[in-house]
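Heads up, the chain below is alone and in the form predicted on its own; it's given as structure tokens.
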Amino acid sequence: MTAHPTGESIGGRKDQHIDIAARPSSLHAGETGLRRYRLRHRALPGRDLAEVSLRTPVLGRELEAPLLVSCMTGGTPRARDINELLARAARDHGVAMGLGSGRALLADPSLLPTFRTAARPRLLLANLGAVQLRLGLGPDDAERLVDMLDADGLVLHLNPLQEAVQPGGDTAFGGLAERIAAVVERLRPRPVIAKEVGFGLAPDDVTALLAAGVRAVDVAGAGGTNWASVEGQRDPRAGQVAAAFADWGWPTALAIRLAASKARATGAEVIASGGITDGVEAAVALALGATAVGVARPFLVAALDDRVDEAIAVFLDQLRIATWLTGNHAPSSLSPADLVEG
């Protein structure tokens, strides 16, 4: 078992992650695959743009749009400022938000204000590294984290490549599916979402996670932030190892399509994330079978410039127009029939 870093070192690492993740050098060398698809343009959409509604139920909550401001940060004063901007914008636009990993918060409850701000999004998700379930944390801790944050559910993130590259990373990933199932049982009926961090979920992983009872899988495919590269920019030795994984993983479009085929049989939801940068790509992801889309880096960059409200507004305008131009009345009605490859 790898020794856990101290709270102070976790905080320093989180602030480094913010800086590095905002740089273009943090991005995957490969493509998401989303731009391989074009949405079928209709010159006669059949309705007025004003008739298109983005409202979508996600994890039991009616959102104004199928958008999740993905899990990013927490635990430091700088993270508090970023989370305040993100939470306020998510609340004002009626969309969901995930918080950064809560391991440090469980160890030091005084960090609560850096995670949970006064602004309350309509759907708020706590977040914990699934590997911590092998390293001393259990269902009681997961429940305590959700309760501390007054969250509506929990994201368990899966980041084996990041941990393998990170100096002192935790790589005890054996037997996690059973531990995830125990957390699902403890938190029921609050939803548990299993999420990769940017390398995609294989179909076998999706099958195992759905069997464990998760309400949704967030595929977090390859093509956006590459967390091996992020760790590689923090440490020269890690950088040498990370270089071989610059284009590792399941491209986002493929990961969505494969996960959706599995989820349909169980009624679980698929969240599409991993390099989605605008509302047109979001519409493609929804047409491929996602219920909602998750976006992190573009909103992080916007938050650092104090323009996250504008960034979300533009994203949603793009999604509304793209939905309309395919002849659909809502994003939930987008389907593979609305896509053309090439």
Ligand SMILES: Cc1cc2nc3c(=O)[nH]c(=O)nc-3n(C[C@H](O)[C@H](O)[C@H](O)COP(=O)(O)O)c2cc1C
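In case it trips you up, residue 1 is the first one in the sequence shown, and so on. Quick caveat, the model's predicted, so the values are computed rather than measured.
Although not depicted, the form predicted in complex with the ligand is the subject of the following passage.
- Of the candidate stretches 65 to 73, 283 to 291, 38 to 46, 305 to 313, only 65 to 73 has residues with heavy atoms within 4.5 Å of the ligand in the model of the complex.
- In summary, among the residues Q132, N83, Q166, T225, the only one with a non-hydrogen atom within 4.5 Å of the ligand in the model of the complex is T225.
- A heavy atom within 4.5 Å of the ligand in the model of the complex is found for one listed residue only; from P191, G200, G100, G232, this is G100.
- Not one of L59, T207 and K262 is positioned with any heavy atom within 4.5 Å of the ligand in the model of the complex.
- The ligand in the model of the complex is not approached by A322, whose heavy atoms all lie more than 4.5 angstroms from it.
- Mapping the unseen interface onto this chain, A296 counts among the residues with a heavy atom inside 4.5 Å of the ligand in the model of the complex.
- Interface membership of A255, defined by any non-hydrogen atom within 4.5 Å of the ligand in the model of the complex, is ruled out.
- In the model of the complex, at least one heavy atom of L300 sits within 4.5 Å of the ligand.
- Residues of 13 to 27 that come within 4.5 Å of the ligand in the model of the complex, judged by any heavy atom, are K14, H17, I18, A21 in sequence order.
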